[in-house]
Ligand code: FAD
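A lone chain, given as structure tokens: the form predicted alone.
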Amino acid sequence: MAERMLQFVRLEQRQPEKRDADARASDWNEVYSKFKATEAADQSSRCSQCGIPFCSVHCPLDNNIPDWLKLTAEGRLEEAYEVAAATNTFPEICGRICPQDRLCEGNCVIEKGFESVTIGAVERYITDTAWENGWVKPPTPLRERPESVGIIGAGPAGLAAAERMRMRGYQVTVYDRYDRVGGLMIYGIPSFKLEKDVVLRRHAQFEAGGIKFRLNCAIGQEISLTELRARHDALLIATGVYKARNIEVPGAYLAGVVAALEYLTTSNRQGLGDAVPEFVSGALDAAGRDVVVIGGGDTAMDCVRTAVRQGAKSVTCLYRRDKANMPGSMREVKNAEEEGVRFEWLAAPEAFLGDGGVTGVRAVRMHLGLPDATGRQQVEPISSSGFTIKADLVIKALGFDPEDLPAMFDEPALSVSRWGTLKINHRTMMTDLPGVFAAGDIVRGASLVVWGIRDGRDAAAEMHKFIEMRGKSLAVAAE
């Protein structure tokens, strides 16, 4: 059925139907509807099946995108799911939250006049269909192994590693300090981008496959790293990075100036039905308030769009560079603009105003100067360009840094980089402690979910090699 492909010359690019901005700003449901079967097949048929698929090359997981697009175009959806799941532990999540405009779709070889293939929405359609039809199975190994592995952190990297190790037959226990599985996928990403049931059903499926979870378990407090090393044949540290970066300007510690993750976690917990005093008191509720978000990444977009849904009086995003240099997804910026968010490009905060509580942000206009050593243009303030934005809630979305894990785990032998991330041997993914591996944001710094999945899968492969080699060494020594 090869004649079904190369249809980009007659079929236009289509995304799933997007809900009206006013309607979606009043609830927490996902923005895009699901493709119908004919729509998914048509959009998949636009793939040119090129010899060097740049979509796969620019996917951190090396997903076999042209293959599952062709299978979808031919109506072979179960096979399409098997191909997608072979390289991606969570295709239904990546299809929703990956910045496809910067990765696979942004590197599609179809010329811009014809527009790229709608890869992300098709990926979501394939996997949602697989769940509906019972094709998604628990990670059940062909045979059990006696060795056990411990994984610290139930975010994307930790879960991806847990699934891979369980499929190889290992006894897997995942430890996490929070009360739900998913990490930032549960508490950092709002429901309008990723409905929580999509994450929680993976938790249930992994438990059904034999993966054990110990939640509300802070390593270094409830249990030491030394104890875990004695308990398991190998450990993986995949804790992510959660410590908010601050901005040292006057008024930075006024009431009403809050960190992005604190704000998003409170909102997500409230949506999950938890009792959240900070939300009930109004301290972290944007309803009826003038909100200013500082930052230009995807976390900033999550904050501005959350504030809109909470009923903010006004929402402004303050970013020191221009729109073209914004690190966040352009698709998310467009969605925010449609929902009424105002953007102040090339503007940076000088001070937060107020006496006790914040009442405004004093900002200054910026311009882009010469490139620095990384090739990115430096930003420089324009003299006498100050202005004030009214605000009684300021959210700092300036990125995240790692916590001091050697101190937290009481394990000084864990070496860190000058950025505070864990040092590993990048060939083996092992830390300075034998048998202790690390992966995800705690190694590479704050990054995308898809990179966490890739790192987790790679770490699982290295852990398997380590256990196999150690087993052979012990067998030789016993002879």
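No experiment lies behind these values; they were computed from the predicted model shown. In case it trips you up, residue 1 is the first one in the sequence shown, and so on.
Omitted here: the form predicted together with the named molecule. The next part is about that form.
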In the model of the complex, does every one of 252, 316 and 393 come within 4.5 Å of the named molecule, counting any heavy atom?
no
TL;DR on 278-286, 384-392, 344-352, 260-268: the one with heavy atoms within 4.5 Å of the named molecule in the model of the complex is 260-268
Close approach of residue 97 to the named molecule in the model of the complex, 4.5 Å, heavy atom
yes
Is there a non-hydrogen atom of residue 448 within 4.5 angstroms of a non-hydrogen atom of the named molecule in the model of the complex?
yes
Does residue 155 reach the named molecule in the model of the complex if we count a contact as any heavy atom within 4.5 Å?
yes
Contact between residue 330 and the named molecule in the model of the complex at 4.5 Å, heavy atoms?
no
Which one of 308, 235, 77, 184 is close to the named molecule in the model of the complex, taking close to mean a heavy atom within 4.5 Å?
184
Contact with the named molecule in the model of the complex, heavy atom within 4.5 Å, among 272, 247, 217, 200 goes to 217
If we check the named molecule in the model of the complex, which of the residues in 188-202 reach within 4.5 angstroms of it by a non-hydrogen atom?
188, 189, 193
